[in-house]
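Okay, here we've got a single chain as structure tokens, the form predicted alone, with questions on binding and movement later.
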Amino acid sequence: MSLGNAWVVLPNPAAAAGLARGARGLADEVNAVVVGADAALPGADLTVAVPAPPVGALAEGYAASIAELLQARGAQIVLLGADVSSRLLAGLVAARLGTSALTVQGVAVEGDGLVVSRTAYAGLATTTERPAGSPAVLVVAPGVLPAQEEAGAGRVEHVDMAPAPEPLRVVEVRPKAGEPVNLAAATRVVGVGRGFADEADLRLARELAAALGAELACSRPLAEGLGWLPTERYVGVSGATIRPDLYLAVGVSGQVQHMVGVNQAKVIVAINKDKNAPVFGQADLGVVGDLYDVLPALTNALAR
């Protein structure tokens, strides 16, 4: 079952590019408002192309105009990505529509409305609810909505909007350091946690990932605390949500803040020397052992 229409709102063409294909599973018609677009968004029936903001201006200045457009066209679901600009735009648009933006871990259509799941108590619990207010404004991380195969009609409508004056201006743009990664599309993922004593020891996980043909991911402390891996590889409450065929958790304790990002994996395998680690409670298979012994042996076995 699906609703009548969903609208994807992107502050730039590169933000959450797969969101329209994911929205196809929620609504019969998927439309998009894209700031700075010059072509149809893949998967959308209609792309409303909004001019890029003038030099120094921010896309958030379009919030009032975008909210007005969504209201006029009867939007039932409004979806935005989880990047910084999209989150900010989500809050501003939701406020203009008289509702709140919800960051969700799951979305489904039940009966004549939506049911969403999201974390509560700093990730210690998950709540399921029906969004109050209409339209529902949702912030969706990569991997939450599985991409659908159906293609949209691909129509483009150019709408002339001018951003409202803002006290903040962009004075410089620098390339973001890091490496390209798409964890949401990976079928195999090796996740690393605080069980590694030193950054150099991550080579053991990289060698295993290479043998498996897997992507490397991590828990939050390794990305935002220690800085051993870029934030693009962080899986969890405020990171990526993944649905691989295999998730291999190495030295990961298994706190709920991390596991909510991987609990949709088909198979979860855990390697941890602490037999009481919470990760074993959610793993399909577990190895109690020192990762410094287990990983080289496993990598060698896969290489045979």
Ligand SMILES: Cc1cc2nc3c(=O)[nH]c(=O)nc-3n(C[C@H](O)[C@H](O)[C@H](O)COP(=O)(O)OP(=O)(O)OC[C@H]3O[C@@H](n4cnc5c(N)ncnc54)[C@H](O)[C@@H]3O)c2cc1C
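Only a predicted model underlies this, so the values are computations on that prediction, with no experimental measurement involved. Numbering starts at 1 and follows the sequence shown.
The same protein has a further form, the form predicted together with this ligand, not shown here; the description that follows concerns it.
Every residue in 195, 253 and 257 with a non-hydrogen atom within 4.5 Å of this ligand in the predicted bound form? All three within 4.5 Å in the predicted bound form.
Wondering, does residue 49 line up within 4.5 Å of this ligand in the predicted bound form on heavy atoms? Residue 49: no, not in contact with this ligand in the predicted bound form.
4.5 Å heavy atom contact, residue 30 and this ligand in the predicted bound form: Close contact is absent here: in the predicted bound form, residue 30 is far from this ligand, nothing within 4.5 Å, heavy atoms only.
Considering non-hydrogen atoms and a 4.5 Å limit, does this ligand approach residue 25 in the predicted bound form? Contact check for residue 25: no, nothing within 4.5 Å of this ligand in the predicted bound form.
Though only this chain appears here, would residue 221 touch this ligand in the predicted bound form if you measure heavy atom gaps against 4.5 Å? Output for residue 221 is yes: heavy atoms within 4.5 Å of this ligand.
Just to be sure I understand the contacts: of 268, 237, 69, 37, which is the one whose heavy atoms reach within 4.5 angstroms of this ligand in the predicted bound form? For this set of options, the contacting one is 237.
Using a 4.5 Å heavy atom cut-off, indicate which stretch of 213-221, 135-143, 91-99, 109-117 touches this ligand in the predicted bound form. Of the stretches listed, the one contacting the partner is 213-221.
Could you list the residues in 264-279 that come within 4.5 Å of this ligand in the predicted bound form, counting only heavy atoms and keeping sequence order? Read in sequence order, the residues that approach this ligand (within 4.5 Å, in the predicted bound form) are 271, 272, 273, 274, 277.
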